[in-house]
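First, one chain by itself: the form predicted alone, in structure tokens.
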Amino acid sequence: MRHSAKSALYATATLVLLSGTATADVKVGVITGATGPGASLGIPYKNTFSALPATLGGEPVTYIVLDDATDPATAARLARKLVSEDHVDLLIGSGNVPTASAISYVASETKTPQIALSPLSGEPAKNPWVFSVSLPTTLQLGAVADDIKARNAKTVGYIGFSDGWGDQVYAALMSHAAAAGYTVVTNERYARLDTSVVSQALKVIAAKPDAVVLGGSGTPGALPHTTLVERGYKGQIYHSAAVVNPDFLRIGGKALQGALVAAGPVVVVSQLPDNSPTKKPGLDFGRAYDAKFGANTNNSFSAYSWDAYLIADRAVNVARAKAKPGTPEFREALRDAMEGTTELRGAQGVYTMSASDHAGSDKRAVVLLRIVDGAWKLAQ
């Protein structure tokens, strides 16, 4: 059954977007989890590539968009195919930590630059070919820790995925504990496909924490929240940016009222002050995406794909003066150009890369949202 599903992916889930001509010079391989448990994130990540201009850095471009079904092994296999058979100049994706991490090994081995759409914690010195456009987890949890400190909360419970994403959120939560003055009293985990987290929620409630931080993503990220509320937990509940989409609000319903979420600014772009550096890029992105898919259809994840495009657009324009697309020299020049990104204003942040920082975001990339009556509101 599993083998058949993966085979079907190759047969039916490959989407080639020819934004230029058949002889386009720049090739970009895009991998997202448009099916599987990460689909609520993967679909908007994927959709953005249908709304992009026909050129990248002034060159015609071909985007080859593939679906990894939220499976790390499939993501790695597709990345290898894109490099060895399609000879792409750049890899973009995937949309969650385990799949993006799987692609990063291929990027390193083949010396192909990658822009991950989820936060990777790798060190540029160890893998200089991987960049990440998503909001770093330490920045997200920094905003959460500031709010916990402001509330004078002293104990925090944690429930997260039993994979790399859950590990990242927990590590970031712990990294801010001493400075914010709280102690993390539980570390409960669940799998993305689990249908119940009652036992984990009861353990958290028994520990009586002042607040709870949840390390899930997409629609599966709503499960521990609704369970905690159903079982009577009354404290403040926090989420990461990985839950910011309409399906999460729909699945969580009224139980999510009052939840706080650390996220990129685009989801509340109309509520940002006019002097915000991300307001104009965020509005520009929203108009382009909504023109393709309908009014108010853009979301936080589709915006990260847009920012990946902005970074690549600038870098290709620099690299094409040094080498020809389709060559190892161009891929290296493209990597170097991305590392030289400085104060690039995107929909979700202002990016400045360096040899030691391949995420390039700062506090301008994070806001705290409050869920009120099924909608996102700017909390601070």
Partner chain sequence: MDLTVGSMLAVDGISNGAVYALIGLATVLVFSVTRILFIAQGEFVVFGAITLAQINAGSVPSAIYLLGTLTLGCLLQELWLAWQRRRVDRRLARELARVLLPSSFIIAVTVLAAPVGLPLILQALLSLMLIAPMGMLVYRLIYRSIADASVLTLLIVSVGVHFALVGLGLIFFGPEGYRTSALLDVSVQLGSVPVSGQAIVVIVTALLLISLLFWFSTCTFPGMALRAAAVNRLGARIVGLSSDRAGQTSFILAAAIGALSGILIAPTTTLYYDTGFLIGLKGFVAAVFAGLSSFPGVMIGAIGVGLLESFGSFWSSAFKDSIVFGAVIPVLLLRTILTRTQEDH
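If you're wondering where the values come from, they're calculated on a predicted model, not measured in any experiment. Think of the rigid core as the biggest set of C-alphas that the two forms share within 1.5 Å after superposition. Positions refer to the first chain, counted from 1.
Just so it is clear, the following notes concern the form predicted in complex with its partner chain, a form of the same protein that is not shown.
K.L.:
At the 4.5 Å heavy atom threshold, is residue 202 in contact with its partner chain in the predicted complex?
P.N.:
Close contact exists here: in the predicted complex, residue 202 approaches its partner chain to within 4.5 Å, heavy atoms only.
K.L.:
Give a yes or no for residue 62: in the predicted complex, does one of its heavy atoms lie within 4.5 Å of a heavy atom belonging to its partner chain?
P.N.:
No, residue 62 is distant from the partner.
K.L.:
Any of the heavy atoms of residue 189 lying within 4.5 Å of its partner chain in the predicted complex?
P.N.:
Yes, contact at 4.5 Å.
K.L.:
At 4.5 Å between heavy atoms, is residue 196 in contact with its partner chain in the predicted complex?
P.N.:
Because a heavy atom of residue 196 falls inside 4.5 Å of its partner chain in the predicted complex, the answer is yes.
K.L.:
Quick one: from 166, 220, 281, 119, grab the residue that has a heavy atom within 4.5 Å of its partner chain in the predicted complex.
P.N.:
Selected residue: 220.
K.L.:
Of 149, 87, 250, 80, which residue is found within 4.5 angstroms of its partner chain in the predicted complex when only non-hydrogen atoms are counted?
P.N.:
That would be 250.
K.L.:
Only one of 220-228, 102-110, 89-97, 133-141 has heavy atoms within 4.5 Å of its partner chain in the predicted complex; I'd like to know which.
P.N.:
Contact-bearing stretch, as computed: 220-228.
K.L.:
Relative to the superposed rigid core, does residue 275 relocate between the shown form and the other one - that is, does its Cα move 2 Å or more?
P.N.:
No, because once the rigid core is superposed, the C-alpha of residue 275 moves less than 2 Å between the shown form and the other one.
K.L.:
Quick check: residue 152 between the shown form and the other one - does its CA shift reach 2 Å or more after fitting the rigid core?
P.N.:
Result for residue 152: no, shift under 2 Å.
K.L.:
Hey, does residue 290 budge by 2 Å or more at the Cα between the shown form and the other one once the core is superposed?
P.N.:
Comparing forms between the shown form and the other one, the residue 290 CA shifts below 2 Å.
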